[in-house]
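A single chain comes next, written as structure tokens; it is the form predicted on its own.
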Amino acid sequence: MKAMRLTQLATLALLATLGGAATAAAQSKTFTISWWGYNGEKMNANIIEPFKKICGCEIVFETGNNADRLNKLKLRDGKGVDVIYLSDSFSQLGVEQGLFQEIDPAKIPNLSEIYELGRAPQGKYGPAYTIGRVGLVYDSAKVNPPITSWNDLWREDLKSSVSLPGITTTAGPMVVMQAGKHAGVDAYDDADKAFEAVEALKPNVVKNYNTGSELVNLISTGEVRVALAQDFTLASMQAAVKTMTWAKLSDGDIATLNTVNIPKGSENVDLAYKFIDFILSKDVQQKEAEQGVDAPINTKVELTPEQAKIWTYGAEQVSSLSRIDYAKMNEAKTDWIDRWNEVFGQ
């Protein structure tokens, strides 16, 4: 009996050791996320700490802007991170450079709950986790009649009162696209006509901006009354000038999507799928939207009018957005940058 008891104790000790080793192995696993690093405290509370409990792993970050982080991934041949957050114009570059794995939708159950335009915005690759828009903003106290169309950018009464995003920003090339439409052509097919319209717009332009904070400063000083902007800057603009208004355009706003992809060199692919599914969940999306972090793409999120006013939100608004063919845009961008700099002397 004594021998049997000793054997049982030895077995229990072995199991405890193996269990401890398994826990240590799980804890030693490192999950690496590449993203911008904004809203750190809220993201940590809403996403990182809860996901740590799911994965039993350590989470580390690679932060920086789109271009820098994508370039690092390219230099490492798709290795070094497990998931990467990028705006859709840059994730399209990653697709073209062969840096991402194709996604298996069956491994992301919450995919079925998000707006259709976000499920596979670039074919077989990663989904969008938030949705935004590019449109026009104006100071309703100083601009009359109101802005109601992209063509209003060329109005004579707006001389020296408009700010445009720089051509190398996310929204910059959209100016060229709208200039083409103003001229009655497709900017991809007839860049000459499109840039004749950009040249015609120049008298109305005070300055091109390269960051949201730069735009807010131009508005707060009264130098700018009208701007082409992304909606995430609206709250800051209205904090500076209460009468800044998002224009209701008859020809519609443009969708912008932030995507999340699994690089081809990810060492934790199963965890990457779990992470993507987690950030698309209703609970996470609800918290992020309520706290002013990201616009929800999960259709089950419910916001009050006050919560929703800063976001692209609701099926009606989402369905009205136009999408960009970033494959075409990326192909044209080098030529557009050169032409843009000739017009604005940058």
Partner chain sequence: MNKLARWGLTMPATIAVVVLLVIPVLLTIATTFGEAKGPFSTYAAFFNSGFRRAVLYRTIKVALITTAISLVIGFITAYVIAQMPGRLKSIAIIAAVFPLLTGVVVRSFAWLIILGKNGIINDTLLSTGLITEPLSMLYTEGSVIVAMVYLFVPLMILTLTGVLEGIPRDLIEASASLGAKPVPTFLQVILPLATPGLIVGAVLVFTGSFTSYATPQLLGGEKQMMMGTFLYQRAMVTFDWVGASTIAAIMVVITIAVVTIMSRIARRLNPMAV
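Positions refer to the first chain, counted from 1. What you see is a predicted model; the values in this text were computed from it and never measured.
Another form exists, predicted in complex with the partner chain; not displayed. Remarks below refer to it.
- Checking 67, 315, 45, 54 for any heavy atom within 4.5 Å of the partner chain in the model of the complex turns up a single hit: 67.
- Contact annotation: of the candidates 167, 134, 177, 260, the single residue with a non-hydrogen atom within 4.5 angstroms of the partner chain in the model of the complex is 167.
- Comparing 204 to 212, 269 to 277, 115 to 123, 245 to 253 against the partner chain in the model of the complex, the single stretch with non-hydrogen atoms within 4.5 angstroms of it is 204 to 212.
- The shortest heavy atom separation between residue 183 and the partner chain in the model of the complex exceeds 4.5 Å.
- Residue contact check for residue 148: none of its heavy atoms lie within 4.5 Å of the partner chain in the model of the complex.
- Taking the partner from elsewhere, residue 109 is found to have every heavy atom lying beyond 4.5 Å of the partner chain in the model of the complex.
- Contact between residue 85 and the partner chain in the model of the complex is not found at the 4.5 Å heavy atom cutoff.
- Contact residues in stretch 308 to 341 (any heavy atom within 4.5 Å of the partner chain, taken in the model of the complex) are 333, 334, 337, 338, 340, 341.
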